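The chain that follows stands alone, in the form predicted alone, written as structure tokens.
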Amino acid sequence: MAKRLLPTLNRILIEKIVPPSKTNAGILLPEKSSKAMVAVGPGARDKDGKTIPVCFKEGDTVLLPDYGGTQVKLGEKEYHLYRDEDILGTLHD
């Protein structure tokens, strides 16, 4: 049974992406990782009940603080839930 988690309010589901640690030629690379958005909630509500949309979209690669978020395990994969204000920025090529 496949599970899909849809975040509520201004929460964002993040998956850690670990690049290969060795090139095709066998050169070892230092361990680096980035984070990619898997799912984004609709946004928080203001005092009048209007939705304030999240400024990120699924597929964005983001910079996160060292600590925080809530770890979630779905099947064999591990994810993290963060609020949109906890995300430090997006990474662009």
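The first residue of the sequence shown is number 1, and the count goes up from there. Keep in mind the model is a prediction, meaning the values are calculated, not measured.
One more form of this protein should be noted, the form predicted in complex with another copy of the chain, which is absent from this view; the next part is about it.
Colleague: Check whether residue 59 has any heavy atom within 4.5 Å of a heavy atom of another copy of the chain in the predicted bound form, and answer yes or no.
Modeller: The answer is no: residue 59 has no heavy atom within 4.5 Å of another copy of the chain.
Colleague: Although another copy of the chain is absent from this view, report whether residue 76 comes within 4.5 Å of it in the predicted bound form, heavy atoms only.
Modeller: Residue 76: no contact with another copy of the chain in the predicted bound form.
Colleague: Find out whether any non-hydrogen atom of residue 39 is located within 4.5 angstroms of another copy of the chain in the predicted bound form, and reply yes or no.
Modeller: Contact check for residue 39: no, nothing within 4.5 Å of another copy of the chain in the predicted bound form.
Colleague: Taking another copy of the chain as it sits in the predicted bound form, is residue 9 near enough to touch it, meaning that at least one heavy atom pair lies within 4.5 angstroms?
Modeller: Flag for residue 9 set to yes.
Colleague: Could you list which residues of 65-93 come within 4.5 Å of another copy of the chain in the predicted bound form, counting heavy atoms only?
Modeller: Result: 70, 72, 74, 81, 83, 84, 85, 86, 87, 88, 89, 90, 91, 92, 93.
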